[in-house]
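The chain below stands alone and is given in structure tokens; this is the form predicted alone.
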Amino acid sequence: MSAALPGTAAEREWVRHTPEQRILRFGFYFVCVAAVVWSLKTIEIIPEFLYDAPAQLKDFFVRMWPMDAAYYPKSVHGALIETLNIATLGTLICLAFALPVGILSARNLVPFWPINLAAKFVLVASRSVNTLVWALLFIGIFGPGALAGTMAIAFRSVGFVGKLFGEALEESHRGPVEALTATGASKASIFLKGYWPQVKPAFWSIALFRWDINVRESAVLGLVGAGGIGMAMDTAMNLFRWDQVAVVLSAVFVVVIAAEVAVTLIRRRLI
């Protein structure tokens, strides 16, 4: 490519961003920096606590060792089984509610926008409330215990599963559906033979992933009295028995790793 003569119209300067893009980028970076500065100013970080944190962390782990192994069969094992039951039953209840709501939110299956909006409102309402808040609400209804934790897990999970399942339905290919429609198939047959085979892998992935998340979330529900291993942890922390807290944390860690491995193996077999 021949070099252009200086001062001629062919001489150009390559610029990566247009002036509008540079202004937008500057505005974005400015807002981010301002948000960080404002957040640091608002949360009022005490420097003395930061300086003392390494020593406190060291002392924290020293008090955890050696762990009180006798605490596991006495208080941890039963609470751990209850935690898994809460997560599993909560996930099953969630699927029973999330599937119909997800179908109603899919515009290609239910082409009525008032119904779509109502279904999406239910999904958003479920996701907008934290699991611990749901647990506090159900404790007020059912009282402390595993039932409140199970319902909290279920209602929190409906928004997650229903949203992803509805989006999977909307992204399905129209070819098989149109072929079944042309043959005069019923709506149930169109869903079971046209949509379901396409979204089945996504459904199992979503369900297994949500169960994996629920195992983690159900471990802390006991901190507010909703059953599970969190109640054993809360008791040990209130008594300042850090050697027992270490047992609870180790049990939770092992269960979470085991759940991750189980989900991976099951997903590999089903999909």
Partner chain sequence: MTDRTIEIKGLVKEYKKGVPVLKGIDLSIEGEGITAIIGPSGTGKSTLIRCINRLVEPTAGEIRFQGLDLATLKGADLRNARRKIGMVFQEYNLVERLTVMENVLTGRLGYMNAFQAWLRRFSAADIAEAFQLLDAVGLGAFAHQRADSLSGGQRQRVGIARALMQHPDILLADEPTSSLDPKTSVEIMELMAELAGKRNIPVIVNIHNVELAKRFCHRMIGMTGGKVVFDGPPASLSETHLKEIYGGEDWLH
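Computed from a predicted structure; not experimentally measured. Residue numbers count along the first chain shown, from 1.
Not pictured, yet referred to below: the form predicted together with the partner chain.
In the model of the complex, residue 170 stays away from the partner chain, with no heavy atom inside 4.5 Å. Contact check for residue 185: a heavy atom falls within 4.5 Å of the partner chain in the model of the complex. Although the partner is absent from this view, residue 179 contacts the partner chain in the model of the complex, with a non-hydrogen atom inside 4.5 angstroms.
Although the partner is absent from this view, residue 192 contacts the partner chain in the model of the complex, with a non-hydrogen atom inside 4.5 angstroms. Note on the interface: of 195-203, 147-155, 111-119, 85-93, the segment with non-hydrogen atoms within 4.5 angstroms of the partner chain in the model of the complex is 195-203. For the candidate set 175, 143, 100, 78, a heavy atom within 4.5 Å of the partner chain in the model of the complex is found for exactly one residue, namely 175.
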